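Here's a solo chain for you in structure tokens, the form predicted alone.
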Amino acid sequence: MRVRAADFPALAAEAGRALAAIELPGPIPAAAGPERQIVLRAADLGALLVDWLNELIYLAETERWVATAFTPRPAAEHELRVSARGVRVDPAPSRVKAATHHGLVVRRVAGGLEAEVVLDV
């Protein structure tokens, strides 16, 4: 997966939308239900991005809920705070097993950040 955005919170939201597009067949349905607050911390932005994607994968697998809409919130350095809404699915999507650190890149580019994450499918 390769995503770009102006800053890290927007990058995480874009990665979440890309993951939803992989997990859900066809057009992504409108988000429904209450917001979920997701807070993660990691040693660096790469690890934080992998943890974020793995949290979304975990929620899809265990709760049959795929996050599709994301609102980043103010956070400390190497912390991610996101309000997420999504859709219930049945059965669990099971398309993506994990985001990996293999080949992981988060780099500054003109206009913001770009990330490449290898997904285990």
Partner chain sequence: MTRSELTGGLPVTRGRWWYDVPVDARAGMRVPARVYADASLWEQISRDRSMDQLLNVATLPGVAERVYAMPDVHEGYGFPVGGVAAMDARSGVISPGGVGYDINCGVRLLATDLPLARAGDRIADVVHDLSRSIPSGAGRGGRLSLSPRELDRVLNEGCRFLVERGEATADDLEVTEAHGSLPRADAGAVSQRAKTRGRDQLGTIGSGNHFVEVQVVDDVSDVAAAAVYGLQRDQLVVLIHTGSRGLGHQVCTDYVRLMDQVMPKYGITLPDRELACAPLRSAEGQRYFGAMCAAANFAFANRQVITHRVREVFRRAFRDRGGVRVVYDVAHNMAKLERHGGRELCVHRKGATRAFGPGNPETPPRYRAAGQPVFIPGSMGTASWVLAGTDENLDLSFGSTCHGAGRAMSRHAAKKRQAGSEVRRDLEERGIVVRCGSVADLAEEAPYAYKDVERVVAVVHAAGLARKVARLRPIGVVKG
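Numbering follows the first chain given and starts at 1. The shown structure was predicted, so the numbers you read here are calculated from the model rather than taken from an experiment.
Keep in mind that the form predicted together with the partner chain is not shown, yet the notes after this line are about it.
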Item checked: The unique member of Ala32, Ile28, Ala47, Val89 whose heavy atoms fall within 4.5 Å of the partner chain in the model of the complex -> Ala47
Check: Is there a non-hydrogen atom of Thr62 within 4.5 angstroms of a non-hydrogen atom of the partner chain in the model of the complex?
Finding: yes
Note to self: Against the partner chain in the model of the complex, would Lys97 count as a contact residue? Criterion: heavy atoms within 4.5 Å.
What the structure shows: yes
Note to self: My question is simply whether Arg41 lines the interface with the partner chain in the model of the complex - judged by any non-hydrogen atom within 4.5 Å.
What the structure shows: yes
Check: Does any heavy atom of Val118 come within 4.5 Å of a heavy atom of the partner chain in the model of the complex?
Finding: yes
